[in-house]
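This document opens with one chain alone, in structure tokens, the form predicted alone.
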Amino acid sequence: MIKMYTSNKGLFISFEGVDGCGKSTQVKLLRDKIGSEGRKVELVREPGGLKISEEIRKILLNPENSAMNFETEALLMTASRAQLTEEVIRPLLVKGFFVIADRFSDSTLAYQGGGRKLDLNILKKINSFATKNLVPDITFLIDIKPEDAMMRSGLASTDRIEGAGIDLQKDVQKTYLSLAKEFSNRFIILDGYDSISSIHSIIWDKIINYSYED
């Protein structure tokens, strides 16, 4: 059973990993499990999650927008995040919700920083500006080789970022692992080769044993 926190704020949980790592499956399993415990829970995704952010998502992922430069990509990502954070995430946390994000600010550092080779320090500042310094309480990183993730996903078609190829995904994975070391206070690395049920069990154990630090 989930602990009842003395704090009246909710818990902000993010999931990260290369495309096809299995995070979306784990996100849904966790949402359903928390809901079955009778707790308020909401799932959000990035980019997207509400009207303005979904419109930005369409622009970002449209394969026809191949002329988009990397700086534009990064700014659109954080613009979508700014709207989602202010309109959805913060209000829910104030109300005591468990908010589960299928990607959040670390994705920009991994994809636009590691993958697109943009300056990580600049991206961190843009992220802080967009979210007003909100960061997840817990971040689960599902680690798997990009080649294997791609084979598992079996995508018949790819969006603009997925279509960038395996080299980008390899750089993304390296950056995620570097971020996990840098922010070890909130990152939990999960073996993407474990079974779906095993990964879920580890996640659930971390959630029920989480406590806020005063």
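Treat the numbers as computed from the prediction; the structure is a model and nothing was measured. In this text, residue numbers run from 1 along the sequence as written.
A second form of this protein, the form predicted together with a small molecule, is not displayed here; the remarks below concern that form.
S.K.: Please tell me whether any heavy atom belonging to residue 10 falls inside 4.5 Å of a heavy atom of the small molecule, as the geometry stands in the predicted bound form.
M.R.: No - in the predicted bound form, heavy atoms of residue 10 and the small molecule never come within 4.5 Å of each other.
S.K.: Using 4.5 Å between non-hydrogen atoms, is residue 40 touching the small molecule in the predicted bound form?
M.R.: Taking the distances in the predicted bound form, the answer for residue 40 is no, it never comes within 4.5 Å of the small molecule.
S.K.: Please check if residue 199 has a heavy atom lying within 4.5 Å of any heavy atom of the small molecule in the predicted bound form.
M.R.: Yes.
S.K.: Using 4.5 Å between non-hydrogen atoms, is residue 152 touching the small molecule in the predicted bound form?
M.R.: It does: once the small molecule is placed as it appears in the predicted bound form, residue 152 has a heavy atom within 4.5 Å of it.
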